[in-house]
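The chain below stands alone and is given as structure tokens, in the form predicted on its own.
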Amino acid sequence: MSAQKKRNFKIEAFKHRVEVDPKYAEKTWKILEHAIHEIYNHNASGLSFEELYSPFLVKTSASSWEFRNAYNMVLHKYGEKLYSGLVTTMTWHLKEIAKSIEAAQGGLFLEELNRKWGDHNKALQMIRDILMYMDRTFVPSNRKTPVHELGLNLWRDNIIHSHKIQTRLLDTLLDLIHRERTGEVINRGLMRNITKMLMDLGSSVYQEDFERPFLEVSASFYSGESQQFIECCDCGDYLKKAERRLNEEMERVSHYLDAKSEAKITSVVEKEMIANHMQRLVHMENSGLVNMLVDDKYEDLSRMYNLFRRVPEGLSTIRDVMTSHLRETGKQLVSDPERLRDPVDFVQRLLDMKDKHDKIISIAFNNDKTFQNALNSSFEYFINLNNRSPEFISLYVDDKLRKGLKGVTEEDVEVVLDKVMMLFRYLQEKDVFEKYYKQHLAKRLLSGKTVSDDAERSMIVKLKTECGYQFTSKLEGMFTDMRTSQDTMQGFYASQYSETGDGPTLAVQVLTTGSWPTQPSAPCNLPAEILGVCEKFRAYYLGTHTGRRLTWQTNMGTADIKATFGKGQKHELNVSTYQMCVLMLFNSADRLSYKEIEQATEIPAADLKRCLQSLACVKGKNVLRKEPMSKDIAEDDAFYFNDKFTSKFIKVKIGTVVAQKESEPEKHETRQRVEEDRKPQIEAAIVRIMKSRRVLDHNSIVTEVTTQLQSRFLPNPVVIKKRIESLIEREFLERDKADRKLYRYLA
């Protein structure tokens, strides 16, 4: 096989001369023209499509030459005559069809157009089948329009663009859509067929003859309707109507318009019903965005969010109004004198406000991060307007960890602490919070009033995570001291076992000076019985620890004393150390003046007055009587042991009358301590920066110091300048000799 020589085949034209009848083309065309007429007249069933088309049909009778077909016409180079004849014949028929459509009255107009369109498509399919050979050979080689496309173009030119039909068709379609918008039921199937016809004729026909006017009329319709709605509806109702209209238009597109029209018509509705009225809607009196936020109208807020997000600047409009409302509301809250009287209620209102708007953002605003950021920014703004916010947040934690979380599960405790930490993050002066938190924690630990050690430690862990080890190291040291004190007391009583007897029992907490917020206080005169035990403990402690010094903090202690009242009624009184010192004086006197008590105890005047007030002026706790009887303590008052005191409880706790908040002098003192503590931190930051940068201008130092310290507090530029001056004096830095605004680090 491989050795055989390859043979090349060649197809040559048939050499036999074929004689063609000179009238062949005319005769054949007449046959085909008749066939086209029959097709349009619905008589196609009588036609022989094989004879009209097939080149392979063999006839033996003489009549076989009566039928010539499209194939032979093209084959014999009469394609042009066939094509032009087709155009003429179809045009004639379409003009007749146009007359029929034009004559249709009222609602029959679209039905007639739809029916004729269906007929034309069927006819076009048959004609294309007959002229298939022409369509495949003559049309592409002569750059003619294919038969099917030709039929569509002729329909467009003679029917759709007919002067009498074009305007009437558009008006009819727009009228039906208007009627559907106003509540009437229309024949959607017929509408779908007509718009599908326009789409089949080409996107330009659909767009120019229908879509563009449709969008213009729709814009006019919704412009008028939106104006009408906004005059008579509240914001919530208006948004419902706008949402319904949007859904209707999307449904309309899905039923009988081009899918590409959806974006265009919804854009029209959005512009006319939402974008053009955004400001009026959000600020609408008694029903706008602020009212929705205040009344927790989640459904309306969600609807507004979903509608406004469809238009440019929509969400920013909602966000700006919400931010403005939050800042104004928060500003009123933090500056209201009535609210500032109760720090716990103050913070609880902040938490409730945060919870409320968190829920709104989660449910109605799709948990939008930009809204969450706006909420955080607003809270940070107004919380820091009140410089007592750090103190109040610490007092809130103090209240919860003292009594507010009793009987609450660990999970709920964590929720409360997490919410507090959320407010803590907004504080610019976190070091002020630390000062107060240390004071409040100390009181809880020393009085044994903490509700749970686990909750206390959990809070410290959260603070440590947020601000680092340095922030909580002293707080953790306080817990260490409490544990060490327990071991110390066990050792003390083990060494004093043979000497304890019936004397008073002493429980001492030994506090490390650097860790606890202790303040120098004048020691009061303790009763002799207590003083003896205290001296024994001092001797024991200093004997077991070298190089240490003990200072009694009598202002921070408590005592349990047994008291016998009239008729032999006995009670156990839980009092402060100062109160104990006062009450023990009445073992040897029935009446004592204020001056005598002050002289005997040497308790500071302010503390003594609060102490006496709680012992003599609080109903149900008045173990002393005061003359004259009044709420306040005067220096000429006299005090008596109250024999008639009764209580249904064996154990009676007598608290000291204290202001929950600091007094003005105390506040000023705390602020001064904070400012003093900030100085070394600012200096350390300056030195760190200059050590790495070597040379830096003043403004850059201020910026970098602020950046480094803002997690604890916002340093004042004036203070930074003073600390720079101090470092220059101590030769850590120097000014550049050429440029006084530049500083150089001195190694």
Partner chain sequence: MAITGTSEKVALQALKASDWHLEGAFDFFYSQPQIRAVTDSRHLEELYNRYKDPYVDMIMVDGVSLLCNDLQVEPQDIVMLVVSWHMKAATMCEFSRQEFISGLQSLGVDSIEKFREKIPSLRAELKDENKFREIYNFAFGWAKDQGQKSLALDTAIGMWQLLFAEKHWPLVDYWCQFLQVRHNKAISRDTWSQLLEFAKTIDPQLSNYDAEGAWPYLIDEFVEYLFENGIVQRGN
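Positions refer to the first chain, counted from 1. These numbers come from a predicted model, not from an experiment.
This next part talks about the form predicted together with its partner chain, which is not shown.
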Please determine whether each residue of Q599, K631 and D637 possesses a non-hydrogen atom within 4.5 angstroms of its partner chain in the model of the complex.
no
Indicate whether N699 is a 4.5 Å heavy atom neighbour of its partner chain in the model of the complex.
yes
Even though the partner isn't displayed, in the model of the complex is K741 close enough to its partner chain, meaning a heavy atom within 4.5 Å?
yes
Answer with yes or no whether K30 is in contact with its partner chain in the model of the complex, where contact means some heavy atom within 4.5 Å.
no
Is K691 one of the residues lying within 4.5 Å of its partner chain in the model of the complex, judged by heavy atom distances?
no
With the partner removed from view, which of 704-712, 682-690, 718-726, 31-39 is the stretch that lies within 4.5 Å of its partner chain in the model of the complex, judged by heavy atom distances?
718-726
